[in-house]
Structures are given as C-alpha cells and as structure tokens.
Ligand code: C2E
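One chain comes next, on its own, written as structure tokens: the form predicted alone.
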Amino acid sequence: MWKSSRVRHRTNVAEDQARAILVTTLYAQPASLAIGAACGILTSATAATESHNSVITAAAGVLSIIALARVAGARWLPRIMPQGSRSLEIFYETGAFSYSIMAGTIAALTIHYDVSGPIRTLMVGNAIAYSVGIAARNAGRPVIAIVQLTLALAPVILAAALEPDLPSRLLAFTLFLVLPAMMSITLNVFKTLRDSISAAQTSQRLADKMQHLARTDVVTGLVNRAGLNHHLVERLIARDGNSKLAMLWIDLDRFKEVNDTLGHQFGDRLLIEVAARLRRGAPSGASVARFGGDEFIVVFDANNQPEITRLAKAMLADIQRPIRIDDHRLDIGCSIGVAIFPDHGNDLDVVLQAADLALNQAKLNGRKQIVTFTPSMTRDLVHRKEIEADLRLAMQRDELSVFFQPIVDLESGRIRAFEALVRWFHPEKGELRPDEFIPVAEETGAIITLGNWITGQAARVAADWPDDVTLAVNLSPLQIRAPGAALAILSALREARLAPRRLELEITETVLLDHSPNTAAFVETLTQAGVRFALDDFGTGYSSLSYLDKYPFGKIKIDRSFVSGIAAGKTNAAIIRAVSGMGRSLDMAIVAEGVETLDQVEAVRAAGCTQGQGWYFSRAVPGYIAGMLLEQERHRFAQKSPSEHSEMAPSSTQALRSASLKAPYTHNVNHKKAI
C-alpha cells in the first residue's frame, strides 16, 4: 500500500510538472498571439465599418480591447508571475474565452443582421479559422482549447441554424461536425505532447540518477574520483581570490589486514564508519570523497596554514578513535598528506599530486602523522624515478652485487653464517646506498625480482662453503606475499645445489602483523623443506611473543639500536639479558646486531647473546673474500689444540677482524631491513 501511494505521488508530481510546462507553452509564442489579435481587430473593424450596424460596431470595439489586453498580458505577465503558475493560466483563460466568444458573436451577428455576403464570409471564415487554429495552438491545455473552439463556433452554428435557407442550415450542420473532429485532434495533440514531456522528464531523471551514480561511491555514499573532479572544478570557479583551498589526502593503516582476516563486508562497514567521521569532522561545505580503496580526500576552504593543520589534527584524532563493529574493536590509524591551492600549485592536478607526495612522506616517516607538502618532495620524486629506471637497467647490466657479512659465535669466534646484502655500483653515480634504492624497489614491486635474484646468487656462492656455515637472506614483505614465493626459493636452492637446511630466512615482525594466510603457508612450505627462519630486528616492532609460538623461529636477532646503547645504560643491557634468557629457554640462538667495538662484544656476550654481527668482526665483503675468511679460519683453528679452543674468543674475533680489514673497501652500510 505504501509502495502504491509512493508511485501515485511520483505520478502526480510528474503530471504537475507536465502541466506547468504546458501552461508555459500558452505564452511560448506571443508573436502568433499578436498576429491573431491584429487579424481579429482588422476584420471586426471592417465588419463594423461596412455594415454600419451599431451592435456589430460595439462588439468589434469590445473584441479590440480584449485583443490588445491579451497581447499586453502575454508580453508582461510571464516576467512577473512564476512560470506555469495557476494565476498565469487563469489570466490566459479569461482573455482567451472572452476573445473567442466575441469572435464567434460578431460572425453570428453578420448572419443575423444579414449583412452583405463578403462581410459575412469574412467574419464567419475568421471565426472558423480562429477556432481551428486555436485547437492546435492551445492543445497543451485541451480544456482551454476546446472551450475556445466551442465559444467561437457555437454562436455561428446557432445563428446559421436559425436561418430559413438551406445553405445556412447546412453550414450550421457542417460546423457542428467540426466541433468533435477538432476536439479529437486537440486531445491527440495533447496526449502526444504530454507523453513527450513525460518521456523527456523520465529520461532526465534517469540521466541525473546515472550521473549521480557515476559520481558516487556505492559503499560510503561519498563522491568518488569523478565526483571529486567535478566538485573541485566548481570550487575553483566559486573560490574567493583571497581564500586557500586545502586538500587532505588520507590513507588508512592496516586496512588490508581487516579485509583479509574479517572479510570484505566487514571492511566495507569500517569504510562507512570512517566516511561518517570524516563528514562530521570536515568543515561546513567541504568536499569529502573516497578516492579508491582505503584512501579518502577532503577539500575545504581555509584562511591560513594553522587552521588547516588544526582541522587535519582533529580528523586524524577522530579516525584513530577505536571503532567497534559487532564484537570487534578496531584500532585504525591513518596518515594524512596536506597540499594547499594555490600555495603548492596553480593547477588542481598539481596540488593533488603534491598531496599524494606528502602522504607518501607521511608513510615513510612511520605513519599515523600529518605531513604538509614541501618542494623537496618533488625533487625526491624525480630522484626516485631516476633510481627506478636505473635499477631496472642495473639488473639487466649486472651492476648489482651480493656481499656477505659474517655472523660470529661469541664463544668460539667462529663464523656460523653469512648474511647476504645487496650492493649497487652505478657506472656514473658510483656506489649507491641500499637505503636509496631498496625503498624504491619496494614501492615499484621490483623488490620481488631483486629478492629472488639475491637469493639465487647468494646460494651459488654459499654452496662452496663448509656444511656447518649457513646463508642468511633477509626477505621483503612483498617478496613473501608474492604468488609462488616459496617455490621460487626452493628452485633457487636446487639450481645452486645448496641444502635447504643451510638457508636461513630473516623476516621482520611487520611481515607477521597482517596474519596473512599466504605468509603462514609460505613459512610452512619452506619449514617442511628444511629451511630455517630467524626473527629480525626484534624489539623495534610489536615484539609479540605469540610470533615465537606460532612460527618456527630458530634465531632471534636483537636490533642494533639496543646494542649501540648497551654500554651507556642499564636498560638496554637488561632487555638483552631478558631476550637472551628467553632464547636459552626456547633453544634459540640470540644474535646481537651492529656490534662495533670490543666493549660491545664483551657486553652482549655477558648479557647472554650467543652470536654477534657488525663492523667489529667484518664489514660486508664480496663472495670470494667470504671464502677466504672461512679458509683462514679453518687453518687458524686447525693449528690450535683442543684445550685452547674454549679460551680463544677474543683473539679469534680480533683475527677475523684483522683479516676482514685487509679486504677491498666497500661502503659500510648494513641495510638489512628490506633485503
């Protein structure tokens, strides 16, 4: 019942709109109305002059007054009355009916007073022509047209029917038949007009709806990218010359984790809640858009930078408030990039790109923060683009090399493993630091190819080492999540003829945060094949002990930030002792990264670490130097008696350090976070 009522309401609205349009058509051609009035005045004046009849003369005068009033009303009333209004229609009806009855009356009077044949023919013909013409002209309002037709012909039919001669009565009969015929034509024309208007309105509504859908995000109800572009153009046109246009590009953190673990429907509900918070937090009149995925853009007018910063901080705080959906509590962070028109560009696309660059910088800085665009970001972008292009060529031109840094047993001083590190010697720019090109490789996806290449190259070198020396390779999160990642590593081991047990893959805690089934499958597949895993940079992330229970880690690497401060404070030493104790309980090796001095060696060994890695022992060296270090170590230990082996750590590590310092120089950057 409610649905049928709604349909009737839409129908009535459509009919009212059509009626308003058709009423407007009554005044659509005031020139035709003026021409008709002129003809009516001229013919009636002729009849009055030629007939010398006072009644006809009076009627002609009344008709002339009505005709002039109609012309004046048609010219001025549409300007002062609403289009399609009832008052406008009533005025037209009054004038039209009055003119019609006077035109028909004058024709009837020429018949009744038996004026001369030409005058009678003129006035009767005028009445017939007027009634027939008006039936088509005013078909937009059929009631008006039919009444006009009837009023113009009825007096003529009556007067002709009262005449005794046969031709007059035949005229009355013929005109009587004209009435229904013209009424039918009027109604058909009206139906055609009404249907055409209704169809046009329906098409317009559908077009408006399609345009709305094309510019609206179906999940959140915000405008989408196309809608934002439309809003931005309108804002730019309406903008006050002194005001600024702030653009905030917002990216949610860990949204993919929500989709992967709880499902896309849950993710959609999260997006809806974030959109609602942005609507509430955005200034009045702001444009809020979902730009795609988990990215939003808010554009608003602002007076100055402090105002923009204040609003951005408020939005950041609002989005980061816990969100509860069903029984789940979600802590969603976000990063915001800010750009301002016209401060950061006189073109909307340029400002949009500036906001994107600022957002990328916010992510690189650690997320959950606001960064405003600076010109240096553009220079960084150009530099990254150059690095990206050169990196792809470098992989083809063999400009990349794999170097190896030893991981040393702190008790015996023996090398237990080498970590593979990539080095790039550019033919023009010289050696490039890993922190210059590894982030670019991760952003572009080239890290997957690069990581697989490093694993294969390092495995071929490690195949010639003693069986008790393992190869450590740091994996990028993107490489782990790539389809077929585990198979690619196993294939590289087979080609290099390196036993899987001699490969140790280092992964960081950030890889484990998303709880991805792909990550779990990757670890399980390689573990079953015999590959070992180490938890890298322990202490810098969430450091959840659940990782140690869920994943088969055989080694924990304590981040260099703890080692560098171990001699300066008790806190770092206590942390390392706690981790070392846990490692002993779980039968795990504990590696101290970034060991640079003898004091640090002694401190981390006293704290319980079993292995060490850093410049004190050796910088990263080429593969042939790694082989030489192993060979020297073999001869050195072969010359020692068994009783000396347990007390040789200081001298052994110093010997290793001395040997490594004789190796050809290469840049001392140990960037292991990505590769």
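Don't overthink the numbering: it's just position in the shown sequence, from 1. In this text, rigid core is short for the largest set of C-alphas that superpose within 1.5 Å between two forms. Please read these numbers as outputs of a predicted model, since none were measured by experiment.
As for the form predicted together with this ligand, it is not shown, yet the points below apply to it.
Novice: Given that this ligand is left out here, which of V274, L359, I447, L471 has a heavy atom within 4.5 Å of it in the predicted complex?
Specialist: Looking at V274, L359, I447, L471 one by one, just I447 meets the 4.5 Å heavy-atom criterion.
Novice: Tell me, out of V124, A355, I134, L475, which residue has a non-hydrogen atom within 4.5 angstroms of this ligand in the predicted complex.
Specialist: Looking at the other structure, the residue within range turns out to be L475.
Novice: State yes or no: in the predicted complex, is some non-hydrogen atom of V338 no more than 4.5 angstroms from a non-hydrogen atom of this ligand?
Specialist: Answer no; every heavy atom of V338 is more than 4.5 Å from this ligand in the predicted complex.
Novice: Is the gap between G40 and this ligand in the predicted complex 4.5 Å or less for some heavy atom pair?
Specialist: No, G40 sits far enough from this ligand in the predicted complex that none of its heavy atoms falls within 4.5 Å.
Novice: Please tell me whether any heavy atom belonging to I454 falls inside 4.5 Å of a heavy atom of this ligand, as the geometry stands in the predicted complex.
Specialist: Taking the distances in the predicted complex, the answer for I454 is yes, it comes within 4.5 Å of this ligand.
Novice: Check whether R194 has any heavy atom within 4.5 Å of a heavy atom of this ligand in the predicted complex, and answer yes or no.
Specialist: No, no contact at 4.5 Å.
Novice: Could you tell me which of 518-526, 589-597, 136-144, 211-219 sits within 4.5 Å of this ligand in the predicted complex, going by non-hydrogen atoms?
Specialist: Within 4.5 Å of the partner lies stretch 589-597.
Novice: Even though the chain is shown alone, can you say which residues of 398-436 have a heavy atom within 4.5 Å of this ligand in the predicted complex?
Specialist: Going through 398-436 in order - heavy atoms within 4.5 Å of this ligand in the predicted complex - the hits are Q405, E419, A420, L421, V422, R423, P434, D435.
Novice: Quick one: core overlaid, is F97 moving 2 Å or more at the Cα between the shown form and the other one?
Specialist: After core superposition, the displacement of the F97 C-alpha between the shown form and the other one stays below 2 Å, so no.
Novice: Using the core for the fit, does the CA position of R379 change by 2 Å or more between the shown form and the other one?
Specialist: It does not reach a 2 Å shift.
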